[in-house]
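Next up: just one chain, as structure tokens, the form predicted alone.
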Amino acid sequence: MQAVILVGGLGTRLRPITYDIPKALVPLRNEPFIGYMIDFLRAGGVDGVVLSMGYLPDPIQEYFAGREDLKDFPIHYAVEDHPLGTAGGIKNAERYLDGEPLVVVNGDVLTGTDLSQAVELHESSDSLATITLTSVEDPTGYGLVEIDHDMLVRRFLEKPAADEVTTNLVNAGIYVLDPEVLHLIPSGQEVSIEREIFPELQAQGTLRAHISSSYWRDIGTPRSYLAASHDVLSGAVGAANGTFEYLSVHPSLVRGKNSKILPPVSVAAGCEIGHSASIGGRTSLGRGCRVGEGAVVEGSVMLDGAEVEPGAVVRGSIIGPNARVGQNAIVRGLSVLGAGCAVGEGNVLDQGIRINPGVVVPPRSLSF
């Protein structure tokens, strides 16, 4: 069975990180997210994938070119020359498909779902499509899916008000489709599978649901991405390439005395941790990061080349590639620094987003 992974979006909710890094490559425990997706699909019985791509396709292809362990796992790239939407992206991948039932996954879903169960359910039914659903605590922030006692989809509700909520089941972004579904999608046009194709199948009575109670998280916002990073480090969901370590840091990276490394953390090659610095609270440091003397980094993600200068404090935030937190500065409250940005010496950034040096965007301007 083949799978199509939808990785063509701009990743607007995760900006400014995705200005420079495609969402498929944002790291979790210093492994690109797409690696977790490949492991999930292989564990579910998929034996080849097509990546439906649009925004920043080259870095994704370069990543897979370096994956020697995937030489016997066919990967094809369907790159769109203009936005095609979720259904249009699947249609654009059709030339690489074998005409058999296929799996489709959104490229921003981290999950422990047993994919083989969804496939078995689909194959045992007469439906043209099976959509995996999961339950959420606060349904008002999602499009909801109503089902009947036969597990057929009855109705879609797009982000209802609190008094309109009739279910807490949401689209988990994992589908099993018969090839006939592709015949419903026009070529070369922007089409949404959620808003156009699924309602048509629902009206025909050929859209069935599979409910999963396993771990699930959409990593597409700063809040959910940081939570996913914490979850992977704490072992709530498996790590990419089938490996997991609670503490991944070589002693040679600790340059100073009295430094504290409080697992679970992940520290990549080339990092430097200074005298009396403290790293903990499920923190991940990318390649070549520097944490200065007496600095504190807790519950955060520092991407490649980021620096926290002496005496600075970073808590619950995301520090982009080659960004810098100045001496004795404080960054906290789910703040996000884009690539190459800086917080000056002694400054405080609380619930803020810095996109360019000297420019701070208030949190209400982007989705958290």
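Every value quoted in this text rests on a predicted model; they were computed, and no experiment measured them. Residue numbers here begin at 1 and follow the sequence given.
Another form exists, predicted in complex with a small molecule; not displayed. Remarks below refer to it.
- Contact annotation: the small molecule lies within 4.5 Å of heavy atoms from the stretch 86 to 94 in the model of the complex, the single such stretch among 176 to 184, 86 to 94, 272 to 280, 115 to 123.
- When you look in the model of the complex, the only residue of Leu303, Met53, Ile34, Ala329 with a non-hydrogen atom within 4.5 Å of the small molecule is Met53.
- Between the options Gly286, Pro222, Gly107, Gly292, the residue in contact with the small molecule in the model of the complex by a heavy atom within 4.5 angstroms is Gly107.
- Although the partner is absent here, Leu10 sits close enough that one of its heavy atoms falls within 4.5 Å of the small molecule in the model of the complex.
- Contact check for Ala3: no non-hydrogen atom falls within 4.5 Å of the small molecule in the model of the complex.
- Using a 4.5 angstroms threshold between heavy atoms, Arg354 stays clear of the small molecule in the model of the complex.
- Looking at Asp231, you'd find every heavy atom of it more than 4.5 angstroms from the small molecule in the model of the complex.
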